[in-house]
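Presented below, as structure tokens, is a lone chain in the form predicted alone.
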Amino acid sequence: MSTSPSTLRIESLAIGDELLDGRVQDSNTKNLGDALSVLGLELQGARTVPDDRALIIAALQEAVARADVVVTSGGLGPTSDDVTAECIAAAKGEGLRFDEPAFARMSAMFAAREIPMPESNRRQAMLPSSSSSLENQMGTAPGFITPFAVQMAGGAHTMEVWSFPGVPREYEHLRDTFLLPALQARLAAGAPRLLVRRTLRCLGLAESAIGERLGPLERDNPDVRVQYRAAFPEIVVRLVLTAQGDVAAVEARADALCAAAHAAIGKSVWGVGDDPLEVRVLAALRRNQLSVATAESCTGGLIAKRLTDVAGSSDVVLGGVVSYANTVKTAALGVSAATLEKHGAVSAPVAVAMAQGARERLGAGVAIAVTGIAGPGGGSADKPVGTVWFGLSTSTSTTSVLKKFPDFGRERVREMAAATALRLLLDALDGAM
């Protein structure tokens, strides 16, 4: 990868009809942007084009003319609509070559599975003549790098097109194995620009409210980019600084600005950094040497799902009870029928009893419970849709918290309730119970 005299310009080109007609969401570009930001880099542009040869070639030629690195995804399969390799060759004005090592790996994969290899898979080994193949251990299609010589004002500049399959796990494998190390080497060799960022994750305030609180910080620091992203039910705020020269000084300034932003936003900030809420909760459980159990009514298991979606969570997550019906609250969690009759299922006493029951019956160190009205029906004047009670039980205390969420629809109420439960759990654990 050659050295550019200016900012390292990276673009993404996602290829496929399915990305434009709604069948598939383009997660590869988003995840590439996230991976680059960890290195202090960012995407300068991203485009999605259909499986149309003329449009792909035109998009490639435009991106090649302005970027140092273009990363394509998709179009490397064995079917007639997979035309990325031939379009890259056409954009460069060269032909295709048959890559024997790639074909041999492909043949070995089919042989290991004792499946005959269709003749159509052979076309996956046809790569642009000047390209270098990248071994894909997750699938049949090899990745490849194609260099382009671009005439610029300062003379000829060599840029590269990196091509990966569109299947996310194959894309991520090739990205992490080959592309990111190459970019890291470029930075180590003295890239002219490095981004320093700090991320604050917030829950409970609207994006507009957070923006108002950070208004003075933005006005006093016009060189700092403040990025807001709504990732319902959270708002993610990122401060981005450009490091030129003394990187350590910029890092220190980033820390100071992050602390100032945290103070300005207030208690809505539940964490600084990129780890999601469930990862923070699991880490806090391990620090406190505690296990957790869940008792869920209106969230239907969403809290437990978020925790167990994280690999390795079984060391601290014991399990949970989805006690949707009152009979299950009684039979599985020990909530008394008298308490349900007197206070109703959506109440502080029931939330407390659910949490206590989950902790005691599952043998956990801490338990979180939630019971509420997600809608669209079931609300009343006293308990409108969005009313949710939380219970938190430890070996020394049990507390309850009431939240009244806006009626944004059933799924959003449930998502807000699950996130809030995790936040309450994290706050309790960080308080070293």
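As the structure is a computational prediction, the values presented were derived from the model and not from experiment. By rigid core we mean the largest C-alpha set that fits within 1.5 Å across both forms. All residue numbers are counted from 1 along the displayed sequence.
The next section is about a form of this same protein that is not shown, the form predicted in complex with another copy of the chain.
Taking Ala189, Ala325, Ala156, Ala111 one by one, only a single residue has any non-hydrogen atom within 4.5 Å of another copy of the chain in the predicted complex, and it is Ala325.
The listed set Val310, Ala209, Met126, Leu134 contains one residue whose heavy atoms approach another copy of the chain in the predicted complex to within 4.5 Å, identified as Val310. At the 4.5 Å threshold, heavy atoms of Val247 stay clear of another copy of the chain in the predicted complex, well away from it. Another copy of the chain in the predicted complex is not approached by Pro384, whose heavy atoms all lie more than 4.5 angstroms from it. Within this chain, Lys403 is remote from the site of another copy of the chain in the predicted complex, having no heavy atom within 4.5 Å. Within this chain, Arg219 is remote from the site of another copy of the chain in the predicted complex, having no heavy atom within 4.5 Å. Residues with any non-hydrogen atom within 4.5 angstroms of another copy of the chain in the predicted complex fall in just one of 357-365, 197-205, 114-122, 94-102: 357-365. Contacts between stretch 8-35 and another copy of the chain, counted in the predicted complex as any heavy atom lying within 4.5 Å, involve Asp17, Leu20, Asp21, Gly22, Arg23, Val24, Gln25, Asp26, Ser27, Lys30, Gly33, Asp34, listed in sequence order.
In the core-superposed comparison between the shown form and the other one, Thr29 has its Cα shifted by at least 2 Å. Annotation: Cα of Gln61 displaced by at least 2 Å between the shown form and the other one, core superposition. Once the rigid core is overlaid between the shown form and the other one, Val352 does not reach a Cα shift of 2 Å, moving by less than that. Note: Leu39-Asp220 Cα separation is 3 Å or more shorter in the predicted complex than here. Annotation: Ala311/Arg169 CA-CA distance longer in the predicted complex than in the displayed model, change of at least 3 Å.
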